[in-house]
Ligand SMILES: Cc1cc2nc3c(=O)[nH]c(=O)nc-3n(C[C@H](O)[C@H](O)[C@H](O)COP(=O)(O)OP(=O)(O)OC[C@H]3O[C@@H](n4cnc5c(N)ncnc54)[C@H](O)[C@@H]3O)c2cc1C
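In the block that follows, a single chain appears as structure tokens, in the form predicted on its own.
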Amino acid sequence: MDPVVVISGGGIIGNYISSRLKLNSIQSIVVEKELRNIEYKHNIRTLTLNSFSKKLLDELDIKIKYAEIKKMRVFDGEGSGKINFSSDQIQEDALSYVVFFNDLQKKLQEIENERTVYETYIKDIKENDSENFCEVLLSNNKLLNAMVVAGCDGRNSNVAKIAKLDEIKQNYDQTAITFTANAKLEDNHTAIQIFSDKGIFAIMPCPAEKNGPTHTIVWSIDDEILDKYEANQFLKDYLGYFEKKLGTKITIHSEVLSFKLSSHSFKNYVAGRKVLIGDAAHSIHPLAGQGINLGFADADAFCEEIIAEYERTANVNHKKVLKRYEVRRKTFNELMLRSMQIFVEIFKSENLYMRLLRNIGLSSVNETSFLKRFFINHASGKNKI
């Protein structure tokens, strides 16, 4: 039986969509270029889920370890500006939830194994306006007929290339390094973000593991600084600055991972029966930890539109359904992307007046209850994004 939706990419978002559609009796197939059983040896990379994203996973009964963030402190390491957030201020149990990327990826893959074609990719997609489906040619030369092809295959999306959609890219000229560590902070439910001339430094609690780390760290550094150092020497020279700011010793627990930071987006998410979702459509700076949450919000909107249409007609009017999805998500995603670009420029600036402005801005938000609640609601996902 041919699927209603072919999903390119067996990552977190692609597998979530397949599981959500299956829950509503809609057939899908996931096409994944990697091996079936990748061994996840070490937990290093983490994701910060807002309450809305966690709710979507809870509805699928996805059970993995997570750490709750109940408080958040944001301050300028070179000045006095600060913001303090608490889940109590919005009557929620937590602001957000930290999970290990590998744990979530593995759990979703296990659920979707029977609906996934591994070591394969989409070679071509042929559409005919007179037909109610498109032909999806796989690299193993098998042919599938589908009403919609969902590109959930991340940056350098194969579906985007086949669709020949116009991409917009921006290089932040920064590198993010991430690792797990042991540290003793005021409690086990506080996340702290520090802006300084030594980079944007975020430290958050880790999901509990036996003999595991207590915290995860994501540190964004200007390339012009990092290029002067070998990675281990940079950590040795600069980690002490943040240890003093936090009043604790930070002991690195894991391998240190690094990746260049850039953003991308597409002028359109849809071309015929082809649609881009999550990182395939857009990516942003990890400053606010919202990349995965934008992906889940995309996936939720896409599933809502597909499910509503299919339940009503047992068919999918791709032009109507995909356009509604694009309208719902594209404007907001672009707003988030532009906002992050502005924030990065403000907080990486060494201009004295810009520093003064950001300190005044942080303190003003901290002292204005309306603005503070707005930012907390948005960051936690209480305001649906």
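As the structure is a prediction and not an experimental result, all values here were calculated from the model. One-based numbering along the sequence shown.
The protein also exists as the form predicted together with this ligand; that form is not presented, and the subsequent description refers to it.
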| property | result |
| --- | --- |
| This ligand contact at G154 in the predicted bound form, heavy atom, 4.5 Å | yes |
| 4.5 Å heavy atom contact, G291 and this ligand in the predicted bound form | yes |
| 4.5 angstroms heavy atom contact with this ligand in the predicted bound form for P286 | yes |
| Partner contact for T48 in the predicted bound form: this ligand, 4.5 angstroms, heavy atom | yes |
| Listed residue (T120, Q193, N188, N182) with a non-hydrogen atom within 4.5 angstroms of this ligand in the predicted bound form | T120 |
| Residue among I90, A176, C134, V74 with a heavy atom within 4.5 Å of this ligand in the predicted bound form | A176 |
| One stretch from 329 to 337, 24 to 32, 65 to 73, 312 to 320 that, in the predicted bound form, holds residues within 4.5 Å of this ligand by heavy atom | 24 to 32 |
